[in-house]
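Form predicted alone, single chain, as structure tokens, below.
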């Protein structure tokens, strides 16, 4: 299958500073990709290259098979209409109404007012702002402004939607609302979405696949579940994962022993569950099969890329704990023994 976006060996420098070094990846039609990295990783430079606002010194960027790095500026004006942009700080025109902001790309592309009206109405319905067409940005909340920004980005029927830190300026409730909206747009329209962010929590909840940038290099490319299952992670990825993984609180970590010194100790483990395991009554199964008592210390069932997943730290206690551990290895994505903690009265 030919990818809708194909990045081949892209390198870009500013003077002696190399912002991007030999970046290669591809994105399929309808895929949702999270591009993540800390400040200075090269995210903004890569975004500008993807929008054809920067021409890399080396490599190719193909959108629908057309190389953006070789096109004349006149052609790039047309190609950029295939790319919808959603910005961190909305970038709405305060002098225009909601309808006027959404109409801007339609006006630039030469649509008549008669053609604009039904399209604006359709987009307002899609982003949940029906009846807001006459309001101005100053009358909107942050989440509502971002919905207008998304509607504007979709106005010209783009092939690719690039979201640049689209939730960073929002409160947690608005962030959830915007991520749900983007997921709905992906499902309804089959639109390809690349979300650029520094927040692992955002890509955990939204992205089907994750690209990790570090100092201008692509150091990871895969699914979050795959990353969590392996210990072979880059230092950058380990740091990012630490932001979202459950950890033992300090008062429990200080009690943790590397070996079980005597009876009366509970086995402490980290479990990673896939979609099927997240639906299963795992704790009940452990008790019924092995008479093992299970306690949840941290974590639980959450979502990864719009699917259920479990990431938790639990304790097991009982005479058949070893048999229970062997069973868990067969029904979970991964299992790691962290140590042993004393049983408390």
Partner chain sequence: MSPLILNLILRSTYQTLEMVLASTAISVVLGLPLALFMLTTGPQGLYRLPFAARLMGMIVDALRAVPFIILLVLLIPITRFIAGTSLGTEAAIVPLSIAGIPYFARIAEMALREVDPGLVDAVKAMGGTRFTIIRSVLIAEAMPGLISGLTVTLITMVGASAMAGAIGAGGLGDLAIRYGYQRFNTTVMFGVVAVLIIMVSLMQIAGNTLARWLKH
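If you're wondering where the values come from, they're calculated on a predicted model, not measured in any experiment. Numbering follows the first chain given and starts at 1.
Separately, the form predicted in complex with the partner chain exists; it is not shown, and the next lines address it.
- Picking from 84-92, 239-247, 267-275, 191-199 the stretch near the partner chain in the predicted bound form, with a 4.5 Å limit on heavy atoms, gives 84-92.
- At the 4.5 Å threshold, heavy atoms of residue 108 reach the partner chain in the predicted bound form.
- Taking the partner from elsewhere, residue 55 is found to have every heavy atom lying beyond 4.5 Å of the partner chain in the predicted bound form.
- In the predicted bound form, the partner chain sits within 4.5 Å of a heavy atom of residue 48.
- Taking the partner from the other structure, the partner chain in the predicted bound form has no heavy atom within 4.5 Å of any heavy atom of residue 181.
- For a residue to qualify, one of its non-hydrogen atoms must sit within 4.5 Å of the partner chain in the predicted bound form; all three of 80, 96 and 138 qualify.
- Proximity to the partner chain in the predicted bound form, defined as a heavy atom within 4.5 Å, holds among 104, 117, 225, 253 only for 104.
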